[in-house]
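Just the one chain here, the form predicted on its own, laid out as structure tokens.
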């Protein structure tokens, strides 16, 4: 950890958010993202995972949403109200659900656009497109193809590569496995974990596929109906009967499930 910087890169405390002024999307969400960690944000579709990420990156307003209470602290400073552009300048970069690449441009051109818009910073985790190709070798073979001709997995690689060229300190990933074959899902998550370890990149990933997300993460939080209903280190979550039954498809042990309560507050700092 760098001297003078807090152990937790990001902390949300009792954050609530609404859409269109009245639809409650998040209710008292609290979570912490330690520096250098990979955190999985788990839950079914509609549980609030995407809203949580957009709350952090302040993209919620694009969907007619807003934060109504709570605090969001990044590197020791409150960031609620900062513009999305300011947050990118400060190192918070999000890969949106659905990838959002420039489909009519080649892989090279997509990465060039990202590199040309790189924030002016001393914090650089990658030097350019060639380093992206080193992390994603299959993209190097497709570099002159238009992105619309690539597979979903390759498009996801382009999206992550573009985000890396923004020189993030905190990378937010929204459903990176969506629409991908199981083999590609494993490949994408192995690369994400490799980025976390080799670059020291802090990552918060929202993902429905709990099995693969927990396999490659340090900690996990569970969201349901806009609230954090559980959390802990991966080893703890994998032993939880509730997680096994609800998220990993394993039959419940009724005796052990009785009274089982996953509490996010017993391990957060």
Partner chain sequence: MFEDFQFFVEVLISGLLTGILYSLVAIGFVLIYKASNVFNFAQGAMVLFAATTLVGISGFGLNIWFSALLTIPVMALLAYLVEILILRRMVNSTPISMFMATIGLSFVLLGLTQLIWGSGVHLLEFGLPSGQFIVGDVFINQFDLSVAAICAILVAGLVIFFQHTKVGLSLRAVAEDHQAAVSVGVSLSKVWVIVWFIAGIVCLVTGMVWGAKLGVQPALNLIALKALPVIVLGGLTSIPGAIVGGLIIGASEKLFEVFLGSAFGGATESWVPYVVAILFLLVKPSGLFGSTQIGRI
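In this text, all values refer to a predicted model and were calculated from it rather than measured experimentally. Numbering follows the first chain given and starts at 1.
Same protein, other form: the form predicted together with its partner chain, not shown, and the subject of what follows.
- With the partner omitted here, the stretch from 189-197, 129-137, 74-82, 95-103 that lies within 4.5 Å of its partner chain by heavy atoms in the predicted complex is 95-103.
- Residue contact with its partner chain in the predicted complex: residue 142 places no heavy atom within 4.5 Å of it.
- Taking the partner from the other structure, its partner chain in the predicted complex has a heavy atom within 4.5 Å of a heavy atom of residue 149.
- Remark: residue 62 counts among the residues lining its partner chain in the predicted complex, judged by a heavy atom distance of 4.5 Å or less.
- At the 4.5 Å threshold, heavy atoms of residue 90 stay clear of its partner chain in the predicted complex, well away from it.
- Though its partner chain is absent from this view, in the predicted complex it lies within 4.5 Å of a heavy atom of just one residue from 166, 170, 125, 185, which is 166.
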